Structure formats: structure tokens, C-alpha cells
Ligand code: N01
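One chain is shown next in C-alpha cells, namely the form predicted alone.
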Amino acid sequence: MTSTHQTSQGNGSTETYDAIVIGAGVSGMYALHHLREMGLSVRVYDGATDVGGTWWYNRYPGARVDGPGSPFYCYTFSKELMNEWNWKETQSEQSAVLDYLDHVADRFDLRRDIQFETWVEEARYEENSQSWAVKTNTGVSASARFLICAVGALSTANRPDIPGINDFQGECYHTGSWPHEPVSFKGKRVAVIGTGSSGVQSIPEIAREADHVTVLQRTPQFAFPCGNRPVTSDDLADARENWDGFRAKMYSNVTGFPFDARERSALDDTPEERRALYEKLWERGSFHFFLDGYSDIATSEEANNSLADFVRDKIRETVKDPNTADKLMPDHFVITKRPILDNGYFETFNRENVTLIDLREDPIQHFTTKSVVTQNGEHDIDMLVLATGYDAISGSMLRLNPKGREGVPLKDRWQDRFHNYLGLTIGGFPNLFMIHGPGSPGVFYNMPLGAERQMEWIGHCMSHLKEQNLGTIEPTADSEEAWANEVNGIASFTLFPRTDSWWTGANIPGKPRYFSAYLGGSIYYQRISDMAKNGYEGFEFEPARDNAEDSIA
């Protein structure tokens, strides 16, 4: 491994590495491991006190894997890791995922190269040395030829700007930055704003303990039974004995999970046949509605409506009060907002200690020191839970706001849209790579596996520069434009862009509004592989300069 060294810089010193990684979550942990396997010196910076990223922060009640689950929501690079870790539930709770990541950090001795409780305050590209200079809140300065941004697609919490919210003097928590110490709801009047994934997961848990819960609903949601069950010894044995086959399926499946694609239109079946399948999938729960259901739910209005109507009927069957059920009726295309897995969410509205306020009919006017005031009344509360999500996909990169060539900040570069190529690189920001950034499959793919596959591409790219004696790589303006057209073109064949969601940036005032994720699934990884095989088509390079740091060995 290349040795790390320090160079004097005024009154201080600068630590020098081959690569700096920002973020010690699922992506950053694998980036560190992969770069060390390449023989490179690496330093990781993270503001948390330990590994885990999103899973370190999201400790709210009911937090668990909200998608296709264990044992395949995991790293795949080590068969030994699969053989030794015993998942207990298919929809693992937050603490179980964090335990797994803690085990990974221990097993591969990752923490020795991670500096925790450290925020990167500045990341600036230095053209003379063809390197990135980083300054942190701890006073540490560092330099590296490559900057890997593993900052998380869901890590910049969105706090709503509501009049008086800062005047509220009761307890206030955001689900995305939940306290590590236990939070008691006993005997308290709790208001929850937001009914996305974290709201739907936490509201039933809060209602079981609180004196009263007021749900401040911004948008009614489609939610599906989570179908959580124990992972049996037979499940684990099957995964381990047939791991190579499962991994191959994960690589080929559009979501990165080991499921066979179902190529059947909802319109090929009669209404009775469709309902029978939906009933079967409802009983099974989890993401089987989308993995084992019909292939055109996201592309055909008629097919989509058949599933949406089925779920609306389930809501009416579950919620006893017709007026409350009406308020819970979603009116967008199903699946075009993040599909949510619930554990008794709709049943919660049958409890006497739960009140639903539809903010579209009864909007919040302001907060006081002890209450929330809506158009139709005042509601005294002791605690406010903000389940208001994130500035997703792009927000963490903009919070970092690296400065590229000529000191241009990313916020200026991304003012009108999130310019990128392959979802990995940005013009004007040489040798900077993103994992799960805009323009990549990101949150539409198994994120541990996606992190592995993107980081492997980045590693090959770094080796290519060394082999060719090249100093920098960055995309051309034409390739960024072509990639934007490809991402948008794929999305335009679906119903996704026709719904306001955090996928389209609609939850953040002033954010560019368009669908920024690559919906091609496994096709994406073939596309980026082809780009590399074609001599990194769409990129431009600079030769390595004599005065540039060239420490890759």
C-alpha cells in the first residue's frame, strides 16, 4: 500500500492520500475496502460517531428495511461474509442493519482509516497539482488525487419552513436524525408531519404509547403490507449453497435482487384474475407487488389504475370511519411515489387516540410555543415529529458543495439541473466521483450492490489513468447532455415523471424539477461498462504533470 505522508503548509500540515472518501455509510465503507484492495492509501471522513450512514441516523420507532429484504440487502463481494452473518428477519429493523455494518467494519478493519465526528467544510480542486484539497471542521487538511463522494442519497434532512416552527418549545425530532437515547411518548400529545416511509413506519409505533397522536398528512399514500417474517435456517442455507446463482440473478435483475422478471401485462388478465393475483400478493407482502406482479404497472395507466383501485379498496376495508378513509385515499399513480411497506399503518386510524388532519383541506397556519394551529383549529401538543424526508439524491452533494475548476462551486454548476455523466462524474470537477448520485439508478436499485458495482467501475477508471500516465478525467459537455437525454428518455416511457415526489425534487422549494434517476436498472451497468471498454468514451483527459501528485502504485 502506498504510504501516507504529510507536507508542510504554512503553520500547519496537509495529509496526503491517493483517495479521500466522504461518507462512512454503505457506499463509503465499500469504497474504502475496494481502494485498499487496490493497494491505495485512503482516508474517510464522516460526521457521525461510527459507521452506518443513513442507518446510523435513522433510529426512529419502526425503522426497518423498506424494500426487498434480507438476506439479499447486503454486500455481495465476500462469500465468507454471506456465510457468517445470520439475518433474523426479511425486513430487518434498523438496529439489525447497523449491527451488520458494524460487523463488516470489524471484519475488514475499516475504522483505522476512518475519521469520525469530522465534517468536510471545503473540498477544492487544485489545478496545479491535479488534486483535491480538503479542509475539515477538526482542523485537519488533506490532499488526494481522487475524491469519492459517498455522501448518501437520503442523508440531508428536510426541515419544513413553517411559520413559528422554531418557536415551538416542546420536544422536536426529525426522523432522519433521531436521538440515540430512548424517546418516550408515554402520556404525551404527539403531532407527526409527513406520511412517507418514515411517517408510515413510525406512526403506528408512536400511537401504541402516546396519549394522543395527531397525524398531519400532506399527501395520502399507497402503502403495502411489509410481510415481515423470520429468516429461517433453510432460507440462509439456500442463499449460501446457491450463492453464485443468486448473485448472478442480482446482477441481471432490474432492481438488483434475485428475482425472475415477470413479463405479463395486467391487461392480459381478466379483472377477476387480476384481483386474485393482487390478493395473493397482498397476503405475501413486501415488494412482491412489483417483483412478482405485472410488468406494466409503471408504464400503463390502465394497468396502474387496476392496482391503485385495489389498494384503495383495501384502505376502505381497513379504516372503519368513512370520512377518515376518504382522507387517506391517494390520488396519484401507484408506485410513482416511493412505494411504502407498512406494519399496521391504516389500522392505526381506528384507534381512539389518533386524529388525522388532511393538510390539503385544513392547512397549517403556524406553530405556537405549545401547539400547531391549522385553518380549522388549534391542537395542543407536547412533541413534534418531523417525518418530512430529505433533500434527496442531490442534496448531500450540494451540502458538500465542492469547488471545481476555477473555484466554481457545485451549487452554481447545478443551478438549473444536476449536470453529470453516467451518474458518476461532473464536468468541471476532475477526478471527482459520486456513488448513487443523480443520473444513476441509486435508490431504484439494491444499494449495497449498486455501491459495489459503481465503485468497481471507479476503481478501474483510476487504474486506467495510472496505466496511461493521465492526470485527470472529466466528462465533456456533450456527453453530459446526451446522458441527461438518455435518463429523461427512459423515464418518459413511464408514469414516474407525472407525479410530484422527492424523486422529481417536488418536496424542496426551488429545486430543479425533473426525474433524475436512471430507470434502466441492470442496463445501466452494461452502459457504463461499455463506455470504459470504448476507451472511456465521452470523457476528456489531461496528461499527468511532473509536479502533480502521482502516488498510485
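The first residue of the shown sequence is 1; numbering continues from there. Just so it is clear, the model here is predicted, and its values are computed rather than measured.
The following text describes the form predicted in complex with this ligand, which does not appear among the structures shown.
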*Go through 486-494, 24-32, 511-519, 62-70 and give me the stretch that gets within 4.5 Å of this ligand in the predicted complex, heavy atoms only.*
62-70
*Using the partner position in the predicted complex, report whether Trp55 sits within 4.5 Å of this ligand, counting heavy atoms only.*
yes
_Quick check on Ser197: any heavy atom within 4.5 Å of this ligand in the predicted complex?_
yes
*Give a yes/no on whether Pro160 approaches this ligand to within 4.5 Å in the predicted complex, heavy atoms considered.*
yes
*4.5 Å heavy atom contact, Trp502 and this ligand in the predicted complex*: yes
*in the predicted complex, the residue from Gly459, Gly389, Pro448, Gly395 that sits within 4.5 Å of this ligand by heavy atoms*: Gly389
*asked:* Quick check on this chain: which one of Ile193, Ala207, Ile381, Leu410 has a heavy atom within 4.5 Å of this ligand in the predicted complex?
replied: Ile193
*Which residues in 327-354 have a heavy atom within 4.5 Å of this ligand in the predicted complex?*
Lys337, Arg338
